[in-house]
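Here you get one chain, nothing else, as structure tokens; it is the form predicted on its own.
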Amino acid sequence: MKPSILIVNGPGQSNLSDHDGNGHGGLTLTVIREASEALSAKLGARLDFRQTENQDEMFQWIARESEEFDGVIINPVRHSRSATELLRSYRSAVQVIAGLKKPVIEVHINNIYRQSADATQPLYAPEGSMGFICGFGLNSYLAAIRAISLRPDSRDQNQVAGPEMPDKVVVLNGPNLNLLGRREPDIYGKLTLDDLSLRCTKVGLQHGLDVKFRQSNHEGALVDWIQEAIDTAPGMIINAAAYTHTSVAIHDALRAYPGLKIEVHISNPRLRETFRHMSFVSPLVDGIVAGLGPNGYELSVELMANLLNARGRAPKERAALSRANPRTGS
């Protein structure tokens, strides 16, 4: 049976190209809808794409109709209500999805942690397991669709290998991630760090990327690797783990790194203890993938390929990626 996905876009999307000022200019609701429908069809998913300027209608769709779908993707966009009132309404709606044990992913076109808190705020709900993707433009939506539609080991067999000299991307992992598979498997899953490394390397090759996967329990080692990447890698994916919430040193190193940066977390830190809500990483990255389990790593590699492609890669590499993903490049 085809998986079914509901995409709900809140107020502000009807004039999207007018207010989008973070490198995704010209992106309209029509473009998002068409690309989302094309990817869903390719993946064998049924898509219901909606947008409303009425906040109450958005909540009703989520709360009353989510039972009909296998997963829900929400872009609340801007809001006119106070944050307290909005969060209360949003949590009430998301509780329904959480009770049904269905995936819900909040998406944003821009990295909202680089904006004023008055402009856009994350609308997390404390119940259930909620994913979060922001900062990737159209690909925020496409990655969310993939996360709901694809099985963990599902891959497009028609993808081609990258060029002979692929771009190098470093994937940095912080403390205790070496215990994956044994540490709190109900939160982090049963895959080991070696499993994630192999998967990221495979996906990287499919997208023309040379993925270097590293882990350390030591803050200084992570800082050294970030500095090393300044001259060696145009892209970085980082899960600083506990150092996300404490390390000014990693924050400063990331400020010095000029390449593209994605923050990834297996769980969604902002659904957990309050001390995990602070991030020294989020304001400095291009995009964030959180709460999608181990699959978030593979999606991050795909998203990095898109970011590098958009920045401008070698013609041979662009041609390889075009053949791999003829419609969306995702």
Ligand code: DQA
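The first residue of the sequence shown is number 1, and the count goes up from there. Since we're looking at a predicted model, the values are computed, not measured.
Just so it is clear, the following notes concern the form predicted together with this ligand, a form of the same protein that is not shown.
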Segment that reaches this ligand in the predicted complex - one of 248-256, 202-210, 177-185, 140-148, heavy atoms within 4.5 Å: 177-185
Considering this ligand in the predicted complex, which of Leu284, Leu47, Leu299, Ile266 comes within 4.5 Å of it through any heavy atom? Ile266
Quick check on this chain: which one of Met130, Ala241, Met236, Ile112 has a heavy atom within 4.5 Å of this ligand in the predicted complex? Ala241
Is Arg33 close enough to touch this ligand in the predicted complex, meaning at least one heavy atom pair within 4.5 Å? no
Is there a non-hydrogen atom of Arg276 within 4.5 angstroms of a non-hydrogen atom of this ligand in the predicted complex? yes
Closest heavy atom of Arg272 to this ligand in the predicted complex, within 4.5 Å or not? yes
